[in-house]
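Heads up, the chain below is alone and in the form predicted alone; it's given as C-alpha coordinates.
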(Lines give C-alpha, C1' and ligand atoms only; values in the text may rest on other atoms or scores of the structure.)
Protein backbone atom coordinates (compact mmCIF):
# COMPACT_ATOMS: atom_id res chain seq x y z
CA UNK A 1 0.00 0.00 0.00
CA UNK A 2 1.14 3.53 -0.74
CA UNK A 3 -0.12 7.00 -0.10
CA UNK A 4 -0.19 9.70 -2.75
CA UNK A 5 0.34 13.45 -2.95
CA UNK A 6 -0.61 16.32 -5.28
CA UNK A 7 1.67 19.33 -4.93
CA UNK A 8 0.60 22.62 -6.55
CA UNK A 9 -0.98 20.82 -9.50
CA UNK A 10 -2.53 22.96 -12.23
CA UNK A 11 -4.42 21.41 -15.13
CA UNK A 12 -6.19 23.23 -17.95
CA UNK A 13 -8.18 22.32 -21.07
CA UNK A 14 -7.91 25.12 -23.58
CA UNK A 15 -8.75 28.29 -21.67
CA UNK A 16 -10.57 26.39 -18.91
CA UNK A 17 -8.73 25.81 -15.63
CA UNK A 18 -9.72 22.44 -14.17
CA UNK A 19 -7.35 22.51 -11.17
CA UNK A 20 -5.46 25.49 -9.80
CA UNK A 21 -2.57 24.86 -7.39
CA UNK A 22 -4.19 21.64 -6.16
CA UNK A 23 -2.28 20.34 -3.11
CA UNK A 24 -3.57 17.38 -1.10
CA UNK A 25 -2.54 13.93 0.04
CA UNK A 26 -4.06 10.52 0.59
CA UNK A 27 -2.68 8.41 3.43
CA UNK A 28 -1.75 4.74 2.94
CA UNK A 29 -4.82 2.49 3.36
CA UNK A 30 -7.20 5.45 3.03
CA UNK A 31 -10.38 5.33 0.96
CA UNK A 32 -10.82 8.63 -0.87
CA UNK A 33 -14.11 9.24 -2.65
CA UNK A 34 -14.17 12.05 -5.21
CA UNK A 35 -17.49 13.80 -5.86
CA UNK A 36 -18.70 16.87 -7.71
CA UNK A 37 -20.98 18.02 -10.48
CA UNK A 38 -20.41 16.90 -14.06
CA UNK A 39 -17.46 18.58 -15.74
CA UNK A 40 -15.54 19.62 -12.61
CA UNK A 41 -12.64 17.21 -13.23
CA UNK A 42 -13.37 13.99 -11.33
CA UNK A 43 -12.13 11.69 -14.09
CA UNK A 44 -9.28 14.11 -14.88
CA UNK A 45 -8.12 13.78 -11.25
CA UNK A 46 -8.08 9.99 -11.64
CA UNK A 47 -6.25 10.11 -14.99
CA UNK A 48 -3.58 12.41 -13.55
CA UNK A 49 -3.08 10.14 -10.55
CA UNK A 50 -2.94 7.06 -12.77
CA UNK A 51 -0.37 8.61 -15.10
CA UNK A 52 -2.72 8.62 -18.10
CA UNK A 53 -2.60 12.43 -18.35
CA UNK A 54 -0.09 15.09 -17.34
CA UNK A 55 -0.51 18.41 -15.52
CA UNK A 56 0.92 21.70 -16.78
CA UNK A 57 2.37 22.50 -13.35
CA UNK A 58 3.07 20.71 -10.09
CA UNK A 59 3.99 17.14 -9.16
CA UNK A 60 2.07 13.99 -8.31
CA UNK A 61 3.71 11.21 -6.33
CA UNK A 62 2.70 7.70 -5.22
CA UNK A 63 4.74 6.24 -2.40
CA UNK A 64 7.17 9.13 -2.82
CA UNK A 65 7.82 8.38 -6.54
CA UNK A 66 6.74 10.89 -9.16
CA UNK A 67 3.98 9.74 -11.52
CA UNK A 68 4.99 10.20 -15.16
CA UNK A 69 3.21 7.25 -16.84
CA UNK A 70 0.72 4.44 -16.04
CA UNK A 71 1.98 1.96 -13.45
CA UNK A 72 1.26 -1.77 -13.15
CA UNK A 73 0.73 -1.45 -9.40
CA UNK A 74 -2.09 1.07 -9.88
CA UNK A 75 -4.88 -0.86 -11.64
CA UNK A 76 -8.07 0.92 -12.65
CA UNK A 77 -11.62 -0.45 -12.48
CA UNK A 78 -14.10 1.26 -14.81
CA UNK A 79 -17.87 1.53 -14.93
CA UNK A 80 -17.97 -0.18 -18.32
CA UNK A 81 -18.63 -3.91 -18.19
CA UNK A 82 -16.54 -4.28 -21.36
CA UNK A 83 -13.25 -3.90 -19.50
CA UNK A 84 -12.86 -7.70 -19.59
CA UNK A 85 -11.36 -9.61 -22.52
CA UNK A 86 -14.34 -11.39 -24.17
CA UNK A 87 -12.18 -14.16 -25.66
CA UNK A 88 -10.74 -15.27 -22.29
CA UNK A 89 -12.53 -17.28 -19.59
CA UNK A 90 -13.03 -15.62 -16.23
CA UNK A 91 -9.99 -17.11 -14.52
CA UNK A 92 -7.67 -16.04 -17.37
CA UNK A 93 -9.12 -12.52 -17.32
CA UNK A 94 -8.25 -12.34 -13.64
CA UNK A 95 -4.80 -13.85 -14.12
CA UNK A 96 -3.89 -11.56 -17.03
CA UNK A 97 -1.68 -9.19 -14.93
CA UNK A 98 0.37 -12.24 -13.88
CA UNK A 99 0.63 -13.44 -17.48
CA UNK A 100 2.09 -10.06 -18.47
CA UNK A 101 4.95 -10.44 -15.97
CA UNK A 102 5.67 -14.07 -16.92
CA UNK A 103 4.14 -16.08 -14.07
CA UNK A 104 3.67 -19.71 -15.15
CA UNK A 105 0.18 -20.99 -15.96
CA UNK A 106 -0.20 -23.27 -12.96
CA UNK A 107 0.57 -20.49 -10.47
CA UNK A 108 -1.61 -18.06 -12.43
CA UNK A 109 -4.55 -20.40 -12.17
CA UNK A 110 -4.03 -21.05 -8.44
CA UNK A 111 -3.84 -17.36 -7.66
CA UNK A 112 -6.82 -16.60 -9.89
CA UNK A 113 -8.89 -19.18 -8.03
CA UNK A 114 -7.88 -17.60 -4.74
CA UNK A 115 -9.01 -14.21 -6.05
CA UNK A 116 -12.26 -15.70 -7.35
CA UNK A 117 -12.96 -17.20 -3.96
CA UNK A 118 -12.42 -13.77 -2.39
CA UNK A 119 -15.18 -12.29 -4.57
CA UNK A 120 -17.50 -15.30 -4.39
CA UNK A 121 -17.19 -16.49 -8.01
CA UNK A 122 -15.02 -19.60 -7.76
CA UNK A 123 -17.76 -21.68 -9.46
CA UNK A 124 -17.67 -19.39 -12.50
CA UNK A 125 -13.97 -19.71 -13.34
CA UNK A 126 -14.51 -21.29 -16.77
CA UNK A 127 -17.33 -19.00 -17.94
CA UNK A 128 -16.79 -16.24 -20.46
CA UNK A 129 -17.69 -12.57 -19.86
CA UNK A 130 -20.82 -12.75 -22.05
CA UNK A 131 -22.21 -15.37 -19.68
CA UNK A 132 -21.99 -13.03 -16.65
CA UNK A 133 -24.32 -10.38 -15.29
CA UNK A 134 -23.09 -6.80 -14.86
CA UNK A 135 -22.54 -7.33 -11.15
CA UNK A 136 -20.56 -10.51 -11.78
CA UNK A 137 -18.37 -8.72 -14.33
CA UNK A 138 -17.55 -6.06 -11.75
CA UNK A 139 -16.64 -8.81 -9.26
CA UNK A 140 -14.24 -10.20 -11.87
CA UNK A 141 -12.76 -6.72 -12.35
CA UNK A 142 -12.26 -6.47 -8.57
CA UNK A 143 -10.60 -9.90 -8.52
CA UNK A 144 -8.24 -8.84 -11.32
CA UNK A 145 -7.28 -5.77 -9.29
CA UNK A 146 -6.89 -7.95 -6.18
CA UNK A 147 -4.46 -10.32 -7.91
CA UNK A 148 -2.29 -7.38 -9.01
CA UNK A 149 -1.57 -6.54 -5.33
CA UNK A 150 -2.14 -2.83 -5.98
CA UNK A 151 -0.25 -0.02 -4.32
CA UNK A 152 -3.19 2.17 -5.24
CA UNK A 153 -6.58 1.06 -6.62
CA UNK A 154 -8.28 3.56 -8.95
CA UNK A 155 -12.03 3.19 -9.48
CA UNK A 156 -14.02 5.29 -11.95
CA UNK A 157 -17.71 4.94 -10.99
CA UNK A 158 -17.40 1.13 -10.99
CA UNK A 159 -20.92 0.50 -9.68
CA UNK A 160 -22.67 3.32 -11.51
CA UNK A 161 -24.56 1.14 -13.99
CA UNK A 162 -25.84 -1.43 -11.50
CA UNK A 163 -29.21 -1.76 -9.80
CA UNK A 164 -29.39 -0.59 -6.18
CA UNK A 165 -29.38 -4.06 -4.59
CA UNK A 166 -26.37 -5.29 -6.60
CA UNK A 167 -24.61 -2.00 -5.96
CA UNK A 168 -24.94 -2.34 -2.19
CA UNK A 169 -23.72 -5.95 -2.28
CA UNK A 170 -20.62 -4.88 -4.21
CA UNK A 171 -20.05 -1.95 -1.85
CA UNK A 172 -20.02 -4.47 1.02
CA UNK A 173 -17.56 -6.66 -0.88
CA UNK A 174 -15.26 -3.75 -1.68
CA UNK A 175 -15.25 -2.56 1.94
CA UNK A 176 -14.40 -6.09 3.07
CA UNK A 177 -11.52 -6.44 0.58
CA UNK A 178 -10.21 -2.96 1.38
CA UNK A 179 -10.17 -3.62 5.13
CA UNK A 180 -8.53 -7.02 4.67
CA UNK A 181 -5.88 -5.95 2.15
CA UNK A 182 -5.34 -2.39 3.41
CA UNK A 183 -5.46 -1.01 -0.12
CA UNK A 184 -5.30 2.70 -0.79
CA UNK A 185 -8.39 3.43 -2.89
CA UNK A 186 -9.46 6.45 -4.95
CA UNK A 187 -13.10 6.08 -5.96
CA UNK A 188 -15.04 8.40 -8.30
CA UNK A 189 -18.81 8.56 -7.76
CA UNK A 190 -21.82 10.79 -8.44
CA UNK A 191 -23.68 9.17 -5.53
CA UNK A 192 -23.23 10.99 -2.20
CA UNK A 193 -24.74 8.06 -0.30
CA UNK A 194 -22.17 5.72 -1.83
CA UNK A 195 -19.39 8.18 -0.97
CA UNK A 196 -20.64 8.51 2.61
CA UNK A 197 -20.80 4.76 3.02
CA UNK A 198 -17.36 3.94 1.60
CA UNK A 199 -14.99 6.82 2.29
CA UNK A 200 -12.47 7.62 4.96
CA UNK A 201 -11.98 10.96 3.17
CA UNK A 202 -14.06 12.93 0.70
CA UNK A 203 -12.70 15.22 -2.01
CA UNK A 204 -15.33 17.67 -3.25
CA UNK A 205 -14.42 19.21 -6.60
CA UNK A 206 -16.18 22.41 -7.61
CA UNK A 207 -16.25 24.73 -10.60
CA UNK A 208 -13.41 27.17 -11.30
CA UNK A 209 -10.80 24.80 -9.88
CA UNK A 210 -11.88 25.07 -6.22
CA UNK A 211 -12.04 22.05 -3.94
CA UNK A 212 -12.56 20.86 -0.36
CA UNK A 213 -11.40 17.84 1.65
CA UNK A 214 -13.68 16.39 4.30
CA UNK A 215 -12.90 13.63 6.82
CA UNK A 216 -15.44 10.83 7.23
CA UNK A 217 -15.23 9.47 10.77
CA UNK A 218 -18.50 7.49 10.75
CA UNK A 219 -17.85 4.05 12.21
CA UNK A 220 -17.85 0.96 9.96
CA UNK A 221 -19.91 -0.95 9.02
CA UNK A 222 -22.25 1.84 7.89
CA UNK A 223 -25.96 1.43 7.33
CA UNK A 224 -26.56 3.31 4.05
CA UNK A 225 -29.93 4.55 5.32
CA UNK A 226 -29.07 5.43 8.92
CA UNK A 227 -29.94 8.84 10.37
CA UNK A 228 -26.26 9.43 11.12
CA UNK A 229 -25.20 8.82 7.53
CA UNK A 230 -28.07 10.97 6.23
CA UNK A 231 -26.98 13.85 8.46
CA UNK A 232 -23.43 13.56 7.11
CA UNK A 233 -24.72 13.67 3.52
CA UNK A 234 -26.75 16.83 4.23
CA UNK A 235 -23.57 18.61 5.31
CA UNK A 236 -22.03 18.20 1.82
CA UNK A 237 -22.39 21.12 -0.56
CA UNK A 238 -21.40 20.44 -4.16
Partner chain sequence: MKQLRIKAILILACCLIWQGVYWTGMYSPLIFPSLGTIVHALGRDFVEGALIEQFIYSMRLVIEGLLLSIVLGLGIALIARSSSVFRSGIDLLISLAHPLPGVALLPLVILWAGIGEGAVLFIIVHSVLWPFLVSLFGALDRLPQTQQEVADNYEIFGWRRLIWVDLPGSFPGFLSGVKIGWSRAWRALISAEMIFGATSGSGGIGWYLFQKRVFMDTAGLFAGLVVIMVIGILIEGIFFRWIEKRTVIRWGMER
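The term rigid core refers to the maximal set of C-alpha atoms that superpose within 1.5 Å between the two forms. All values reported here derive from a predicted model rather than from experimental measurement. Residue numbers count along the first chain shown, from 1.
Not pictured, yet referred to below: the form predicted together with the partner chain.
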Contact with the partner chain in the model of the complex, heavy atom within 4.5 Å, among 74, 112, 155, 119 goes to 74
Report whether the minimum heavy atom distance between residue 47 and the partner chain in the model of the complex is within 4.5 Å.
yes
Residue 145 within 4.5 Å of the partner chain in the model of the complex, heavy atoms | yes
### Query
Any of the heavy atoms of residue 166 lying within 4.5 Å of the partner chain in the model of the complex?
no
- Wondering, does residue 104 line up within 4.5 Å of the partner chain in the model of the complex on heavy atoms? no
Counting only non-hydrogen atoms, the one stretch of 209-217, 189-197, 64-72, 25-33 within 4.5 angstroms of the partner chain in the model of the complex is 64-72
Applying a 4.5 angstroms cut-off on non-hydrogen atoms, the residues of 87-119 near the partner chain in the model of the complex are 87, 96, 97, 99, 100
Q) Can we say the CA of residue 159 moves by at least 2 Å between the shown form and the other one when the core is superposed? A) no
